[in-house]
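The form predicted on its own is given below as one chain in structure tokens.
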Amino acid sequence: MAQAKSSILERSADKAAALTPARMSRSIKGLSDRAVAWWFIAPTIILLLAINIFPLIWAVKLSFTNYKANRLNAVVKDVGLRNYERILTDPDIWLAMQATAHFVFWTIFLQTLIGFALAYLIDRKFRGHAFWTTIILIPMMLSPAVVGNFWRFLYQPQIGLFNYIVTFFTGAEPSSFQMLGSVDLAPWAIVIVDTWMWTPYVMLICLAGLRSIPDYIYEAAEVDRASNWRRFWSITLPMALPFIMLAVLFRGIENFKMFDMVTLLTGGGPGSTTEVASITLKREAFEKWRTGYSSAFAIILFVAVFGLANIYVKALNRVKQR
């Protein structure tokens, strides 16, 4: 069987070589392996440059102008750093950044805490752990549009199940509060939804870290009569910490640019309480049509995320090298 497959491959290669034009065949024979590899990956590199690098360079160029996409015939003027100065001194922008920071911090905190706790429980491999793992992963598999509409129904003060659950534990009237209509409760409403949806993702990463810890380390600690608490703080948590930090990095980047979930739930309201940076960017670019201004804002957000991510990755590498 193996010889038959080999002969088929040889015949296919000979046929392909015969069909290759003589001029191309001579040019290919003169290429090194490195040059052939570059020929194969060149289309992908060109595509990535066209999709990622060119729009970034174009956005940087527009950020120094007063360009508006809805006025194609208007004269485009170079305004220097004026867009950046206006953004950094705009109180509405800083309110959006505060809303973003609130959302990012609490979602990461809750998702990491609950996700690691779930991973630690599932790693015990109790009876039926595979079934409960599947159930826990369901929210992560749903579309954000489905999750947003589903939770909007749950948050309804008259018929929503969420208010009745709160009433069961607190005794408050179901119609006495609105999660999405209250200035104080709306930010926590989106934190709850994002935590419900993406905690399973953090759980999977933490579970991978827990499963990577060798069993002989726990066996040696048991021989030394280390308590469960000591084993957790001295073995489990330090060795799973790189995976926890990796989960924090991924969720931090994703939550910093969160748009769809907040738009579906609150649209940035009530008022501008839940207007995160991505919604402000969308309004500046596609509602007010301040393209140059929004490009500068996008560059500032990119630099902030990129810089913080680089610092965090360096800290992560130091933890991994311990």
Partner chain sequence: MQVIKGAMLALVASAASMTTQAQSNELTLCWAAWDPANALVEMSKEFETESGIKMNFEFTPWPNFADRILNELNSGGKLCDLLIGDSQWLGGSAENQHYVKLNEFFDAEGISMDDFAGAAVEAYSTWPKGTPNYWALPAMGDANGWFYRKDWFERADLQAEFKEKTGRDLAAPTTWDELIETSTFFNNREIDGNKVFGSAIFTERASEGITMGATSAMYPYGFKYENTPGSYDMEGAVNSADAIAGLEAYKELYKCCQPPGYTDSYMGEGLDAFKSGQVAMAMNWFAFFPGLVKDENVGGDKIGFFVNPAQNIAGSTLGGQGISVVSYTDNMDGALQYIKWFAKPETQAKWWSLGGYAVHNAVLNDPSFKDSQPFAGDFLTAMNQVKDFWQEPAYAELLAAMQKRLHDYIVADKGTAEEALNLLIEDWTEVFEDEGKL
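The structure displayed is predicted, hence computed values, not measured ones. Numbering follows the first chain given and starts at 1.
This next part talks about the form predicted in complex with its partner chain, which is not shown.
- When its partner chain is considered in the predicted bound form, only one residue from L72, A145, A117, V223 comes within 4.5 Å through any heavy atom, namely L72.
- Of the listed positions (Q158, Q98, N228, S234), a single one reaches within 4.5 angstroms of its partner chain by any non-hydrogen atom in the predicted bound form, namely Q158.
- Only one listed stretch (38-46, 286-294, 249-257, 55-63) carries heavy atoms within 4.5 Å of its partner chain in the predicted bound form, and that stretch is 286-294.
- Although the partner is absent here, N149 lies well away from its partner chain in the predicted bound form, with no heavy atom inside 4.5 Å.
- When contacts are judged by a 4.5 Å heavy atom cut-off, T133 does not count as touching its partner chain in the predicted bound form.
- In the predicted bound form, no heavy atom of L113 sits within 4.5 Å of its partner chain.
- Although the partner is absent here, T266 lies within 4.5 Å of its partner chain in the predicted bound form, judged by heavy atoms.
- Using a 4.5 Å cut-off on any heavy atom, the residues of 78-99 that reach its partner chain in the predicted bound form are, in sequence order, R82, R86, D92, L95.
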